[in-house]
Structure formats: C-alpha cells, structure tokens
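For reference, the chain that follows is the form predicted on its own, supplied as structure tokens.
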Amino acid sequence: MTSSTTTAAAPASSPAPRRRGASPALRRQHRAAYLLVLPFMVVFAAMLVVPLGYAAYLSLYREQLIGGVSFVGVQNYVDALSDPAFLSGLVRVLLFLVVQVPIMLGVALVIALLLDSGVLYAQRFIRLAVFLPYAVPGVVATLMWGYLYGPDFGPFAQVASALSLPKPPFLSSWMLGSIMNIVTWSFAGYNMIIMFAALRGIPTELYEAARMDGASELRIAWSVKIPAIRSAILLTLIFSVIGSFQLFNEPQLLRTLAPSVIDTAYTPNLYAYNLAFTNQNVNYSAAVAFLLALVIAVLSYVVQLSAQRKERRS
C-alpha cells in the first residue's frame, strides 16, 4: 500500500534529453577546417616544434674526449649562468637595449606625429624615404656602414683628416654606438609605419574637441595622439626587445673589419653561433640559446605587464 502510494505521488519523470550529434553538414565543415589547417600544423611541427625539442634534448648532454656523449642534466645551463663570455655579452645587449631602443622609437614617433599633423611637405616622399632603409637587407646595410666607418677609406675619416681632426673611432671605442646607429637607421622607418597607421585610425572628433578647448597641436600630440596609440607603441617596443637580443648580422660582419674589438661572444646570439659552428660544441650552444630565449620571454612579459598596469592606472 505504501509503495503504491509513493509511486502515485511521485511526479512523472521526464525522459532525459537525447544528445544530438553534429549534423553531417557541420561534420563536413569540421573536416574541411582540419584539412585546411593541416599543412600549417605539419610545417609548424617540422620547422619549429621538432627542432626545439631536439635542441632541448641536446642541451642535456655533453660530449667529452673520454667517455663520449653523456647525460649531464641541467649542468650546461648552470655552466652558462656562470660563463663570463655569455654574461658579458648579455650585459652588452642590455646596454644596447636601454640606449638604442628609446632613441629609435623616439625618432619613429616624432616622424609619425609630424607626418600625421600635416606640417611637412612631400609627405609621401618623406614616408618612403624613412621606410626605405628597412627594405635594404641587413647584410647590405652593415657593409655600407662598414665602408662609411672605415678609418682609412671612409668619408668621415677623410673629412676629419682634411680638417686636421682626429679620425672618429667608429670601429674601435665607438663600436657599440656604431652598431646602434646601423640598427636605428634600418628599423626606425618600420616602427614609424606602425605608429603612423595607428595615428590614422584615431577619430578626428577627438582633435576637434581638443582644439575647441584651446589645446595647441603640441598638447594634442602629447595628451591625445600618444595615449591613443599606446598599444602600437607597446607592440614596437616588444619587437625591439626581441630584436635587440637577436643581434647577430651587424657584429658578425663588422668583426671582419675590427676583429680585435668584436670577439666571438660579443652578443649572446653570436656566442651561441660560434659555439655550435666553430667550436662544434652543440650541446652547450643549445643551452646558451635556450637561456637567451628565456631572457627574451621574461623581459617581453615584464614590458607588457608594466604597460598594462600603467594603462589600468591611467
């Protein structure tokens, strides 16, 4: 009696909803998407994931004259962290980053603001002339500036001799500054184009409102334009941080003109290259390369995080 009452009082349970699978049309779309992405995934895995995995594997071994190749764990990384050659190159690149990047981005920002304000004549020509050095390959640009820096045949040295002045030591004590000049000449136009494109996307109503409030063009540039393109400036800054630690072409080519000034560990990237292809120490080179990549990742994250915090506070 009790059982039948309970059964009668209980609400009739509704049937569980049946899960429907993807329709045939949706499955065909998924298959087509996977087929379109597959070539990229194959190339990505073959050209990036597999080499990185192999380099990580090599960095955990060491080749010795006695005993051959043996597993050493993270010992190569520990040795690199106390390697004076690696650390001196890292400090040199940090100095390069602190000095060169603000100059380059400052030049690019000023030119972009001048072009956007319309105060310059022949804007298309100026824009092309500033961007043109980026189209010159880095090797060609370094060879060209190497000729200009030459103490015997370079035009700067010849002008200094004609004026009875000492020759500028572009390839000796000024070497790091000479490399900074080459990189700034090559990439200022590239960064200028990014900032100029961002400036062109700002609504003109903001400028009109600022002018109605009595703001000058300089105040509009400082208080309206630069804050509006903050994300573009951050993008160029992160690119510049990564590019600074990848410095290779300029010191490698100028080393032939000044071998006593630029050694094999002038920059960490050059050090890793010479370890692998000159000293045939691929295991230690892989550890140095991974440490360099770790430094780049940490600095890029710090730059992005600090910019986001400033943006939230503003």
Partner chain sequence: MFEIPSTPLSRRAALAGLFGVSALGLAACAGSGTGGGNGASATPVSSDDFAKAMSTKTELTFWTWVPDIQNEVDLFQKQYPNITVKVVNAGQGLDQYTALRTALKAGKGAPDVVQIEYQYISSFLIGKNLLDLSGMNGFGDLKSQYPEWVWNQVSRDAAVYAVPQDTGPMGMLYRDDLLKAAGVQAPTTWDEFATAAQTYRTANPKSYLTDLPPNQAGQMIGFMWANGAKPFAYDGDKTVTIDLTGTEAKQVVEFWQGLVQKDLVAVDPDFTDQWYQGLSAGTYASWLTAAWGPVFLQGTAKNTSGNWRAAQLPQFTAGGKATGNWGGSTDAVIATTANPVAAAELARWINVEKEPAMELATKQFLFPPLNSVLQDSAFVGQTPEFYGGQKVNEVFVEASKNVNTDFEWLPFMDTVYSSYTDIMGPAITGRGDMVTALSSWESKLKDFAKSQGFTVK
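Since the structure is predicted, the reported quantities are computational estimates derived from the model, not experimental observations. Positions refer to the first chain, counted from 1.
Unshown form predicted together with the partner chain; subsequent notes refer to it.
Touches the partner chain in the predicted bound form: residue 151 (any heavy atom, 4.5 Å)
Residue 151: yes, in contact with the partner chain in the predicted bound form.
Residue-level question: is residue 246 within 4.5 Å of the partner chain in the predicted bound form, judged on heavy atoms?
Heavy-atom contact with the partner chain at 4.5 Å: absent for residue 246.
4.5 Å heavy atom contact, residue 277 to the partner chain in the predicted bound form:
Yes, residue 277 lies within 4.5 Å of the partner chain in the predicted bound form.
Looking in the predicted bound form, any heavy atom of residue 220 within 4.5 Å of the partner chain?
Although the partner chain is absent here, residue 220 would stay clear of it in the predicted bound form, with no heavy atoms inside 4.5 Å.
Given the stretches 247-255, 23-31, 285-293, 36-44, which is the single one in contact with the partner chain in the predicted bound form, using a heavy atom cutoff of 4.5 Å?
Going by heavy atoms within 4.5 Å, the stretch is 247-255.
Within 53-83, which residues have a heavy atom closer than or equal to 4.5 Å from the partner chain in the predicted bound form?
63, 64, 65, 66 sit within 4.5 Å of the partner.
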